[in-house]
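For reference, the chain that follows is the form predicted alone, supplied as structure tokens.
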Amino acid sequence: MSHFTPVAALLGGLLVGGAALWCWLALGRVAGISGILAGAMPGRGPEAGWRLAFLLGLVLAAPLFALAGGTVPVPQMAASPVVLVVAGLLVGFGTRLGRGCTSGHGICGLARLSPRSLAATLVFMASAMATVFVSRHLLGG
């Protein structure tokens, strides 16, 4: 919390919430990234266009912000590339197992008062807390 920026956090939250609201109102779809990515794969139907645009916006937002003069922090990864790939695969497996990701369940599902999303979000958060505890206090990371 040494670099807490409440204004940036508020603006980011408003943008995420606004995008989720737009996706729900305009398209009748939940803005869950794993579902959007799965639906953007070739042969997945006529909705690939908006899905690809949404994903492209996720990828291009930071570079465009930097081109506009904004400061984009450079993430520091302490883990090896192998650990990052394995972690990414585990996250992908978890999103399929949980039938959605943190954005779909935690943002959109909770806003819709979905009991399944509440359960999934509680599991996400408990898993994250357990992972941090084990890695920092038991493994000394």
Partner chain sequence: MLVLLAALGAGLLFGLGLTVAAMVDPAKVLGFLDLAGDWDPSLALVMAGAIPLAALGQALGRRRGRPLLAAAFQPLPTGGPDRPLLLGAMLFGVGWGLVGLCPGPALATLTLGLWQGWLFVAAMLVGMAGHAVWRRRRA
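Since the structure is predicted, the reported quantities are computational estimates derived from the model, not experimental observations. Positions refer to the first chain, counted from 1.
This protein has a second form, the form predicted together with its partner chain, left out of what is shown; the following refers to that one.
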Problem set entry | Interface membership of residue 38, its partner chain in the predicted bound form, 4.5 Å heavy atom rule | yes
Exercise. In the predicted bound form, does residue 140 have a heavy atom within 4.5 Å of its partner chain?
Worked result: no
Exercise. Using heavy atoms and a 4.5 Å limit, would one call residue 115 a contact residue for its partner chain in the predicted bound form?
Worked result: yes
Exercise. Does the 4.5 Å heavy atom contact test between residue 110 and its partner chain in the predicted bound form come out positive?
Worked result: yes
Problem set entry | Residues from 52-80 in contact with its partner chain (non-hydrogen atom within 4.5 Å) in the predicted bound form | 53, 54, 55, 56, 57, 58, 59, 60, 61, 62, 63, 64, 65, 72, 73, 74, 75, 76, 77, 79
